[in-house]
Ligand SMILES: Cc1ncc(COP(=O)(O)O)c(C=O)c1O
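Single chain ahead, by itself, as structure tokens, in the form predicted on its own.
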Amino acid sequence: MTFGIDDLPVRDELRGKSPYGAPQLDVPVRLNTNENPYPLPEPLVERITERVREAARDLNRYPDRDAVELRTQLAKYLTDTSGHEVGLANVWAANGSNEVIQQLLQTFGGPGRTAIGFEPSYSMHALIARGTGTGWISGPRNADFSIDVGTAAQAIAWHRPDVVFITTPNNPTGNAVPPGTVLALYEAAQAAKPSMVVVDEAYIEFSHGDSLLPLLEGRPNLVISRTMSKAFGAAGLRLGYLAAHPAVVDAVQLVRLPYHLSAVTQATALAALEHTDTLLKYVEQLKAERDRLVSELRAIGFEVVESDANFVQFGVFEDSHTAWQKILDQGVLVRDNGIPGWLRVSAGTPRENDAFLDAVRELKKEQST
């Protein structure tokens, strides 16, 4: 007799669910997880080695519990790139933006409270809500994956959630949310509860527009969430951070685990922040490649959602999973997110993108015959 998850006393809301993840198949071209395809430059690798070596000498001691140096440098990065003054007291860091979201939901969500997101969007918002005992509400999007302000505001007024998630640029669709929409939904959230509004900017460095950081001014219930996984090419680092009113930073520290950021993580992130200029040049290359994918896919005959991220959603397929498999059969792995008719491809190197475009040209030919 096989013993499995269903035989354990698992919480009811977790039964029948699947863990988050994307297939990591051994194929020549993997464009399914929105990673930065460029390895870290050698001078940065050497600087990481130096900083980690320094940190290793004190590994018998706990790391800086408040990550003061790291948060100071993150604040400087945000100020330099947005033009909006951000200080140490406004910034908090954790193990990936997922832990940032988890800490926010532990603080402002939880049993008897609810969170709303406008789907399709980043599926971890709902998963982390479930894991923290927060009720999840799926808010509406238009057919073009934009957010209708009136409909979304009505949903907030009706459900009166404790936390509102707005993802811009949106994952998996890639489109950005206009600042006016964010402001309108923030006002709706404050009128309804008031509640926390979390703007997930994981892909903001790839956007055609600016960060919404300036909107923090005078809005203590607004949070901007970021990550070093994408633009910094440091998915393996697992470093996320937020910017918000100092009171929010104080609040999330009520639930953080002791010494949650290791000395090695802090040292590596600090080294990366020393090489911001170099890393953002890779971002410019990826933006150009993303725009090329959009143009080429449309020329081939696909529909494409306008993208402000480092990936592109394209379609429309009668059977998206069959299309995914046919692209995979040609050695290229893209993402099937379960959105009927659509697939998502991450922008890779020019060579990887060429291989992907060759694969979808063959797919289009096959569909036309």
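One rule holds for the numbers: they count along the sequence shown, beginning at 1. Keep in mind it's a predicted model, so treat the numbers as computed, not measured.
What comes next is about the form predicted together with the ligand, which does not appear here.
> Pick from Thr132, Asn98, Thr181, Ser82: which residue has any heavy atom within 4.5 angstroms of the ligand in the predicted bound form?
Replying inline: Looking at Thr132, Asn98, Thr181, Ser82 one by one, just Asn98 meets the 4.5 Å heavy-atom criterion.
> Which of these residues, Gln266, Thr173, Gln102, Thr227, gets a heavy atom within 4.5 Å of the ligand in the predicted bound form?
Replying inline: Residue within 4.5 Å of the partner: Thr227.
> Ala244: heavy atom within 4.5 Å of the ligand in the predicted bound form?
Replying inline: Heavy-atom contact with the ligand at 4.5 Å: absent for Ala244.
> Quick one: is Phe108 in contact with the ligand in the predicted bound form, heavy atoms, 4.5 Å cut-off?
Replying inline: No, Phe108 is distant from the partner.
>> So in the predicted bound form, is the ligand close enough to Asn90 to count as touching (4.5 Å, heavy atoms)?
In response: Output for Asn90 is no: heavy atoms all beyond 4.5 Å of the ligand.
> Does at least one non-hydrogen atom of Arg238 fall within 4.5 angstroms of the ligand in the predicted bound form?
Replying inline: Contact check for Arg238: yes, within 4.5 Å of the ligand in the predicted bound form.
> What stretch, of 248 to 256, 201 to 209, 71 to 79, 289 to 297, brings heavy atoms to within 4.5 Å of the ligand in the predicted bound form?
Replying inline: Only one stretch qualifies here: 201 to 209.
> Counting only heavy atoms, which residues in 151 to 170 are within 4.5 Å of the ligand in the predicted bound form?
Replying inline: Residue within 4.5 Å: Thr167 only.
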